[in-house]
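Just one chain follows, in the form predicted alone, and it is written as structure tokens.
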Amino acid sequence: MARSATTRAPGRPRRSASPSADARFHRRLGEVLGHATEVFCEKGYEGASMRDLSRASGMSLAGLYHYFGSKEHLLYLIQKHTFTTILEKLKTRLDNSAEPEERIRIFILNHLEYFLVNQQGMKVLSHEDEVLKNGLGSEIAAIKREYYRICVGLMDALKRERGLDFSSRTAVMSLFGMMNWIYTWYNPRVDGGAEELARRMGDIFLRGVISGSATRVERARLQARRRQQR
């Protein structure tokens, strides 16, 4: 059985480790998470066993239990690494722009760049979104909420700058719907690389948001004029 209460937290080398040992540790951790992602992608979380993960990673079953405790903890580490990486890259990129539309396009490009390179991970995250429970699930949910709030803030900034009227929540969830399922249809020969795809997707999304909002504003003005004429 997993001994999660006494398991040393993976991803945290001992303080006395040398820089080279630290690098080896994180490299090996990345390899294990990569193999676990492949197994979860192929068999699904429920269908994968710790023995499957052991065979794929080349780590003994006892070693896997010692360092990770359970397959749930492995899924947690995959999700934490993914969301933390994409969030940190996004924040760095957003620091270089203050223009609302450009910042939304940065968000789209940052998201697509990561997930096009990690399509198996994207599939796992999309299909196993509700698996994690208790503290593990809460920690991942907090990271995802921060990511969501950043995107809502970008939409709010665009509304203020352009004088638009639309639901930021609806816009954000629609954008995620466009981006998060690309692994089901993406073909690099047809759809191009991340920059090309992000440009096209950004055009479709922003034109829809901006033109749709303008239509609602104009309709409201027309209705107001009609009331005044009565």
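Note that the structure is a prediction, hence the values are computed from the model and not measured. Heads up: residue numbers just count along the shown sequence, starting at 1.
Below, we refer to the form predicted in complex with another copy of the chain, which is not included among the displayed structures.
Checked against another copy of the chain in the predicted bound form, the candidates H66, H35, R162, R199 yield a single residue with a heavy atom inside 4.5 Å, and that residue is R199. Between the options S97, S126, T85, S138, the residue in contact with another copy of the chain in the predicted bound form by a heavy atom within 4.5 angstroms is S126. By the criterion of a heavy atom within 4.5 Å, V39 is excluded from the residues contacting another copy of the chain in the predicted bound form.
Among heavy atoms of N180, some come within 4.5 Å of another copy of the chain in the predicted bound form.
Proximity of H26 to another copy of the chain in the predicted bound form falls outside the 4.5 Å heavy atom cutoff. Another copy of the chain in the predicted bound form is not approached by D52, whose heavy atoms all lie more than 4.5 angstroms from it. Looking at another copy of the chain in the predicted bound form, residues G47, E130 and M173 each place a heavy atom within 4.5 Å of it.
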